[in-house]
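First, one chain by itself in structure tokens, the form predicted on its own.
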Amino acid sequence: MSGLFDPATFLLPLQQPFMQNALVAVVLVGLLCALIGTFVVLRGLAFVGEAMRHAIFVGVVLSFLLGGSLLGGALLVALLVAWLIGVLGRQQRIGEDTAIGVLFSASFALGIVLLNFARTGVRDLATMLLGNVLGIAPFDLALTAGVVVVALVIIGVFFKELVLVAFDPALALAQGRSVVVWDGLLLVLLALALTTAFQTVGNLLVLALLLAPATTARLLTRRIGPMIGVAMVVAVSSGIVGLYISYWRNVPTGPTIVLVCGAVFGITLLCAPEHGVMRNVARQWRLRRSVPPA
């Protein structure tokens, strides 16, 4: 057991180029998902993320059929769906939730129909939908790094506006700020996060990597700065731990990373100082003990 924590044992997998690329990928994706996921959780856009996840599926299948970059195709289709959600959501007779529901179903149906045209390599495509960070190509890794830089710049420039809209849309509207515009920007960032993360944990699990670290952080703090910091620590550490577990135990990397994120969330949900289940149970027990019998 002691050899597991030996530095030489830790560095041994990094002698292989594919593990070096995978480690860089999980760190970049963890930072991006934690940063954008915090705003998604605060704004309550999990259902929008689910719709975009299905759009990513269409982009992956299209790119697979055309022989292009899976990550690039997923990104283009996700941005298109983000734009459509923004446009349709402004139609008073449709509503954003209805638009999301329609795009949700249509995207998934289109992906299934297109999948029938893939006569060869379907097994490889299924692997990508479950995550294949160990096989990430240098081009996709560079694209991921570029997306992270773009997201950091956008959030850095418009941080105050995004925070205001996320915490109090009514106040933002009262101050003359267009909630639709800032929600649209957040949708673009959500599309960027989902498309860069799908190759790490897979299309079926990508939403969990976006939401679990941010939700964990929200249980521990109410301040946006510490919340983003905690979410980043959870996402990056879960990615690294999951990557090493999958390497040493020969299990799928994406699901392992998500399981680690889920375990951290579960422990936090039980033991959080203010909002943990155990704290609430103890509080209710003390309250009952303090009430005198009738």
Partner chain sequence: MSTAATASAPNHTQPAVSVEHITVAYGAQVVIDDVSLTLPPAQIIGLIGPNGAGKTTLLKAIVGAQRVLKGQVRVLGQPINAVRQRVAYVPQRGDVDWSFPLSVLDVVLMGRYGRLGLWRRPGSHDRELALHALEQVRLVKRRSCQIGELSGGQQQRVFLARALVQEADLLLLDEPFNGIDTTTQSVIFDLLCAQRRLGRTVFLSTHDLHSVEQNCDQLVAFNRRVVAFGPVDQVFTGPVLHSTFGSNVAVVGEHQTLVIRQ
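Residue numbers count along the first chain shown, from 1. Please read these numbers as outputs of a predicted model, since none were measured by experiment.
The form predicted in complex with its partner chain exists for this protein as well; it is not shown, and the discussion that follows is about that form.
Check your understanding: Of the residues 171, 112, 149, 142, which one places a heavy atom within 4.5 Å of its partner chain in the predicted complex?
Key -> None of the other options qualify; the answer is 171.
Check your understanding: Pick from 233, 259, 240, 42: which has a non-hydrogen atom within 4.5 Å of its partner chain in the predicted complex?
Key -> Exactly one residue meets the criterion: 42.
Check your understanding: When its partner chain is placed as it is in the predicted complex, which of 203-211, 183-191, 79-87, 156-164 ends up with heavy atoms within 4.5 Å of it?
Key -> Correct option: 156-164.
Practice item. Using heavy atoms and a 4.5 Å cut-off, decide whether 176, 224 and 227 all contact its partner chain in the predicted complex. Key: Checking in the predicted complex: 176, 224 and 227 are all within 4.5 Å of its partner chain.
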